[in-house]
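The chain that follows stands alone, in the form predicted on its own, written as structure tokens.
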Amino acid sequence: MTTILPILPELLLLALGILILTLDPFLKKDEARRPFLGWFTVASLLAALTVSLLLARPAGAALAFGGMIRFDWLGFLFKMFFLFAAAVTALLFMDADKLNRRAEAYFLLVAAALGMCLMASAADLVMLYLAIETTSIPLYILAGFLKTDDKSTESGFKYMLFGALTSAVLLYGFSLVYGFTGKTNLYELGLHFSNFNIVAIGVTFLILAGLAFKVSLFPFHFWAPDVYEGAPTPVAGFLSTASKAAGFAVLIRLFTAVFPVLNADWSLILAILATLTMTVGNLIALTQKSVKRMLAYSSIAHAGYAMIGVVAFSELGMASVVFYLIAYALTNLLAFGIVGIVGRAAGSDEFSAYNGLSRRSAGLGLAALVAFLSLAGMPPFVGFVSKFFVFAAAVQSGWVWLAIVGVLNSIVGLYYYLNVLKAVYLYRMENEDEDRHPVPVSRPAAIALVILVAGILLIGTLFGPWFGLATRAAAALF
């Protein structure tokens, strides 16, 4: 049993994927039983999460499976997060037409989560690249899953093209690393990159460019708005949270394991990237008329905020990144869940579709209040605490100007988040009786929203134990 503990979550996900495909032919015979597939996926993901928490917690940090996997708290915490995010997304799948009755959609979601788990714990370049592709390919298909929707087809095609290009760049960077060092293990490579020479610059730039695409950092962010807008809304939510977190897990492990000596030289470059990412994301979000597209640019800005912790390059900085990603995931999954419900009821993602939402569905209006105020970084929500720790890490490491830029960008973000809430609470539907236009919320979607709202409030007010876990994960890096 001990030998499989480092990959227990992955084995459970693999078994779940096989079971989903096995059950599908039997459920097709009885359409009334098709919703069982969604509930089965959610229950199985939560069971995998529980079993992993009970049996697969690491005692320390160790390499496993010939050095391909690192069994530590950083990887374990991210794995638990991916299982949770996949379970919530599966609930939202059940509320989405053309996803809720397709076993392939649930299978692809589980496959992507499996790849993300491997990304978080990969300790070898070969395993890392395979994990990235295991994550990316199912997400390409999910983004273009709605074959009769031109926007969804365009979304999947664009994501695949840009993703394939950046994967090639990333693989080229990995091949150069192996060519110059003869090593593929991340923790052995750090010994070979002790000087800031032209080789190190070129290799680091190629790898950084590939990973910057995965987390949508400027100037590799251009794919995100079109892909998020066209993809099914639950898929867009999963892309903007779990996929981004997996990219950051790889980024922080690489920069602490492979390029620790170079980090001082790269810090200014990363700080400039963080500044541009925050600023560009927030400024373009101001001009959007679609809430879904606004959230896409918002997610770019939040990648910039998370990068501030990477720039700090300290235990507090890395802990703040881990905590920020968990907080952001809860909040953005909630925001995209609301967008999916409103979009299905109103047939539009425009700001006007949210007019009078608090009176048409009081619970949904309250969830929107929690989601957008948390994204804006207002207390007592988890978004405030996460931003506070990120900015504190920057100040502690001497990056005061970067923290100031982050605060100013947060003020800009507050403006467009409040625009949504203004429509929800202050505006009325033009020439329409609001009582005749309720916004129905299905049971799976309601469960997902309640869990996410509770998480945002709980972690925002009782953040000590959760930040302690993030600190423990960050300590594994150093």
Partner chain sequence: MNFGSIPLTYYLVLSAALFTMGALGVLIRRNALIIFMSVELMLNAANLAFVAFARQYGVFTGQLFVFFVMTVAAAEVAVGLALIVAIFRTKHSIDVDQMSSLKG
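These numbers come from a predicted model, not from an experiment. Positions refer to the first chain, counted from 1.
There is another form of the same protein, the form predicted together with its partner chain; it is not shown, and what comes next is about it.
Check your understanding: Within a 4.5 Å heavy atom cut-off, is A164 in contact with its partner chain in the model of the complex?
Key -> Yes, A164 is a contact residue.
Check your understanding: Heavy atom to heavy atom, is D97 within 4.5 Å of its partner chain in the model of the complex?
Key -> Flag for D97 set to no.
Practice item. Using the partner position in the model of the complex, report whether G304 sits within 4.5 Å of its partner chain, counting heavy atoms only. Key: No - in the model of the complex, heavy atoms of G304 and its partner chain never come within 4.5 Å of each other.
Review point. Can E229 be called a contact residue for its partner chain in the model of the complex at 4.5 Å between heavy atoms?
Key: Taking the distances in the model of the complex, the answer for E229 is yes, it comes within 4.5 Å of its partner chain.
Review point. Which one of R102, R344, R359, K151 is close to its partner chain in the model of the complex, taking close to mean a heavy atom within 4.5 Å?
Key: None of the other options qualify; the answer is K151.
Review point. Tell me, which of F213, F107, Y129, F313 has a heavy atom within 4.5 angstroms of its partner chain in the model of the complex?
Key: Looking at F213, F107, Y129, F313 one by one, just Y129 meets the 4.5 Å heavy-atom criterion.
Point to revise | Partner-facing stretch of 348-356, 313-321, 285-293, 267-275, counted where any non-hydrogen atom is within 4.5 angstroms of its partner chain in the model of the complex | key: That would be 285-293.
Review point. Hey, which residues along 131-145 are within 4.5 angstroms of its partner chain in the model of the complex, non-hydrogen atoms only?
Key: Read in sequence order, the residues that approach its partner chain (within 4.5 Å, in the model of the complex) are E133, I137, Y140, I141, G144.
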